[in-house]
Every structure is written in C-alpha cells, then in structure tokens.
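A lone chain, given as structure tokens: the form predicted alone.
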C-alpha cells in the first residue's frame, strides 16, 4: 500500500476530527465548511480504495493470508466519513460535529490498521 497516501488520509482525518471536536465544544452544529472537509477526506479514501484494488488486481498481496481483511478495511475506511456525515446532517446540534470527530478519529485508527495489514505489522 502506498504509505504517503495512507499518511495523508490519516492526517486529514485527524485534522477533520480536531476541527469538528472544537466546533462541538463551542456548541456549534456542523457547517458547510465541515461538509466540504468531509468531502475532501472521503475523496482521499476513494483514491486509496482505487489504488488498493488496482494493486490487488496487479498481483500485489498483503502480508500473510489477509486479503479479505485488507479489502474489508478498504471498504470500511471509504464508508466511515460519509456515514458520520449523514448522521451529522440529521443531528443539527453540537452532537453532529461530535459524531464527525469520533468518526474521523476512528478513520485515522483504521488507516494505521490498514497499513499494518498490508505490511505485515502488528496483527
């Protein structure tokens, strides 16, 4: 897996999480700029999904016998931010951005795990 792309997705997710956590602490709902940032993070995860599928189609495989786990993580990271974004649309209080923050931090953790699964790190 491309490490720079994984780092970029994780860093963008952490930044989104911090920004939304600050909004939640200020008792604000999610604003249009938050949704724009969610779209950017989602676009990065879609690029990562495409790169992962292309690498698998080209014959590259994750370490060990973990192709199914790798694919499930790819799908999960791609769905994470859109799901919490839809929740934030329905929750127009401070809990909307709080949900996005939690999902963004979860995405950063999933990125670390995705990197481990591909490279044979801690399993």
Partner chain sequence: MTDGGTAPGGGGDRHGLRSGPGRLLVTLYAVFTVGAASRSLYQLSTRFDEAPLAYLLSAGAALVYALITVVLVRGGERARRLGVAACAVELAGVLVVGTWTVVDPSAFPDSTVWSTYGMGYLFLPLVLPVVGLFWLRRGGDRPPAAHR
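Positions refer to the first chain, counted from 1. Note that the structure is predicted; figures quoted are calculated from it, not measured.
Below, we turn to the form predicted together with its partner chain, even though it does not appear here.
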query: Whether 69, 91 and 102 all lie within 4.5 angstroms of its partner chain in the predicted bound form by heavy atom; finding: yes
query: Contact test in the predicted bound form: residue 108 vs its partner chain, heavy atoms, 4.5 Å; finding: no
query: Heavy atom of residue 87 within 4.5 Å of its partner chain in the predicted bound form; finding: yes
query: 4.5 Å heavy atom contact, residue 65 and its partner chain in the predicted bound form; finding: yes
query: Residue 98, heavy atom within 4.5 angstroms of its partner chain in the predicted bound form; finding: yes
query: In the predicted bound form, segment of 38-46, 79-87, 25-33, 53-61 with a heavy atom within 4.5 Å of its partner chain; finding: 79-87
